[in-house]
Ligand code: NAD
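Next up: just one chain, as structure tokens, the form predicted alone.
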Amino acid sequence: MNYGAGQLQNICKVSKMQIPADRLCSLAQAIFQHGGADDGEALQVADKLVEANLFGHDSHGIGMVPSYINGIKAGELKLGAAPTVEHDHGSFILVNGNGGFGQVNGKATMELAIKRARELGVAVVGLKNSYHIGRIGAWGEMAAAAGFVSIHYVNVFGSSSLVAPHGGSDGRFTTNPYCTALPARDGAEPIVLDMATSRVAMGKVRVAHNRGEEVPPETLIDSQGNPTNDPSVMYTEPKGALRTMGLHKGYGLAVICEALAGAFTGGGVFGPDHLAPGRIINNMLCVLIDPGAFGHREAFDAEVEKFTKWVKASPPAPGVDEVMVPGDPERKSRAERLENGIPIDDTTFEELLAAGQSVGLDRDEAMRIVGN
């Protein structure tokens, strides 16, 4: 559909709004339904994507919808695919995601892991061959809410290699997330460390590119291996690459994630044979541990709580409002965005509308869904 100047102005106006989470969720759900997803999986995926936006991780939020639609069209994302258990031996379970929605696979895998950890005190669970499983912290939070410590190692197969090894000048693997979540006493908030082993997630580069902003220093190199703050190097040929966080330390952790998520689960490690248009395949190894297994659950809770209070009592440095622990920034973002809406930039919003239109969702209907 062609739009006149006034209608385009309205679209831009909406894209600069703080759009309520429920409306964004409805828009994503409608796009997935038009793309062929059934109502249940469309809602489950949309809800988790918008949850990522609420927690401040726009890189893993609603802006992923166009990539998912591309994955469906390329045959990389298998609609209606259900996870299957390939190996079940005591505390060890291996799940095959069969290329289905990662939000569906992630939830099912964590439910199995939690059930087994309740029975045995520990569960070592692999998920392989799943489409993008989104914000890994969501699965850590799920385990923490059930009372378990969880550790997650993830690798990624994509349409291109993204991250350069320390000392290298081109991409050789992807962002390989790591997450650990610690449960807390009833009513208290868990500690959730959720991070890419690259300096930032690729989605954050996409967000900066869409907003016309630079990325932080030490984030990218260009195709010649030179440091740059320009996100466009990831969208032109020859491509640049992301840098690992913490220099050799982040690189080392990325190698560990690749080995445990890819080699140990049988999902495979990154290489040129795993590159394909529309592909965002994750493998994940997660370990769930009962913090009361040694008979000291109360002591565990008390010690974590005491340490948390101790570090947060540190006087803030100049320019810092407060000292936080992992998980605090996400909870603050969620409270603010639930109240004020989720900010969506012009480019991302236009990409959403175009993705919807490509599967038959009329733009007027999309605008109605978001409340314009």
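Counting begins at 1, following the sequence as shown. Because the structure is a prediction, the values reported are computed rather than measured.
Omitted from view is the form predicted in complex with the named molecule, to which the following refers.
For a residue to qualify, one of its non-hydrogen atoms must sit within 4.5 Å of the named molecule in the predicted bound form; all three of R135, T175 and G327 qualify. Put simply, K204 is close to the named molecule in the predicted bound form: some heavy atom of it is within 4.5 Å.
Although the partner is absent here, V192 sits close enough that one of its heavy atoms falls within 4.5 Å of the named molecule in the predicted bound form. Although the partner is absent here, H34 lies well away from the named molecule in the predicted bound form, with no heavy atom inside 4.5 Å. In the predicted bound form, at least one heavy atom of V156 sits within 4.5 Å of a heavy atom of the named molecule. Look at 52 to 60, 300 to 308, 24 to 32, 333 to 341: in the predicted bound form, residues with non-hydrogen atoms within 4.5 angstroms of the named molecule sit in 52 to 60. The single contact residue among T244, N282, N105, S150, judged by any heavy atom lying within 4.5 Å of the named molecule in the predicted bound form, is N282. In summary, among the residues A117, L77, A196, C286, the only one with a non-hydrogen atom within 4.5 Å of the named molecule in the predicted bound form is A196.
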